[in-house]
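First comes one chain, alone, set out as structure tokens in the form predicted alone.
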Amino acid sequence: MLPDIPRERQLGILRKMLMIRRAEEHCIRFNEEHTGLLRGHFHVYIGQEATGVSVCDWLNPDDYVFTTHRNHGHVIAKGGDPKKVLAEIIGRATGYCQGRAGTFHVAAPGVGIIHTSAIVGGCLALAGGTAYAAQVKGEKAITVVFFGDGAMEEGVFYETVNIAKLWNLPLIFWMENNYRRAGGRGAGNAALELTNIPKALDVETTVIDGIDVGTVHKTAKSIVERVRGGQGPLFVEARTHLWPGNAFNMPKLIGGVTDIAWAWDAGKAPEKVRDWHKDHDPILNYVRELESAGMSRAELAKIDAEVSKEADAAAQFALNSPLPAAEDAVKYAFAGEGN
């Protein structure tokens, strides 16, 4: 369903979702079409765009977001600059962290993302810290921490949820379950339902379809309002479906870049990705809903073309940006300027 918001805001959500998709596709192309740009592993947010964008649409600039190894999408969703994100991914001096963080640790303090950790569950305790700080200082800022089902196997998850509940922290636990592991949800967890874990600690939980923009947006509105009003912490499980290109050791564009026309003609999508784009792609599902609500295919294609052009320019900016100077390696080793 479509979010119950003005049309321009609905389209703003589409633009941001498309920007994440196009930026992540460029990330994969950096690895596939160039040599040495990505020297290690990387993960992409394709297939989960409805979650990050819909949640961040209700956040204020001073609210905090903590994220995971799939951080690129969350940074863009919170208002990050795609140029700086892509530049950081390939270690360029114009990136958010001046090339020091790389793909796993993109941080953008200016938009409320003060740290990113690729360690499973690595940001949970830090999210508890910012929520506690806001509470102590009497600020209205809330914290959202995104994580996958695997993080719920870590001790830090239990500790953070327990403390958050004991202290009534303004914290949202937003679990994005993409069913990455064989055997479905929580393959390494004894709980029959992952939501049983926060429930056991008396934390209210909600389970939603994470690919339906309207459902996520409506849920996020309620959750954010309640936590900002002192009713936190709260827990959400958003269920998505693994993008086929993520089913490898390294992400691959096995079907090429997404063609928005597949939204109304799924049969033209490559066979390896056809069913996913037909049934589980949050962007194409949203495009079909917008068309059903009266938007023309030409209008939707124009928006995609505009976003794609902006993403192409961001990728070129990253490629044209310089590597950090060798003498700068010793800078920022300590708090402050690091000189």
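Numbers follow the displayed sequence, beginning with 1. None of the values given here were measured: they were computed from a predicted structure.
The following text describes the form predicted together with a small molecule, which does not appear among the structures shown.
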Mind telling me which stretch in 163 to 171, 208 to 216, 146 to 154, 82 to 90 gets its heavy atoms within 4.5 Å of the small molecule in the model of the complex?
146 to 154
His69: touches the small molecule in the model of the complex, heavy atom cutoff 4.5 angstroms:
yes
Using 4.5 Å between non-hydrogen atoms, is Ile114 touching the small molecule in the model of the complex?
no
Considering only heavy atoms, tell me if Arg288 and the small molecule come within 4.5 Å of each other in the model of the complex.
no
May I ask you to state whether Ala200 is within 4.5 Å of the small molecule in the model of the complex, using heavy atom distances?
no
Quick check on this chain: which one of Asn178, Thr258, Thr130, Thr195 has a heavy atom within 4.5 Å of the small molecule in the model of the complex?
Asn178
In the model of the complex, the one of Met250, Ile119, Ile254, Ala191 near the small molecule [non-hydrogen atom within 4.5 angstroms]
Ile119
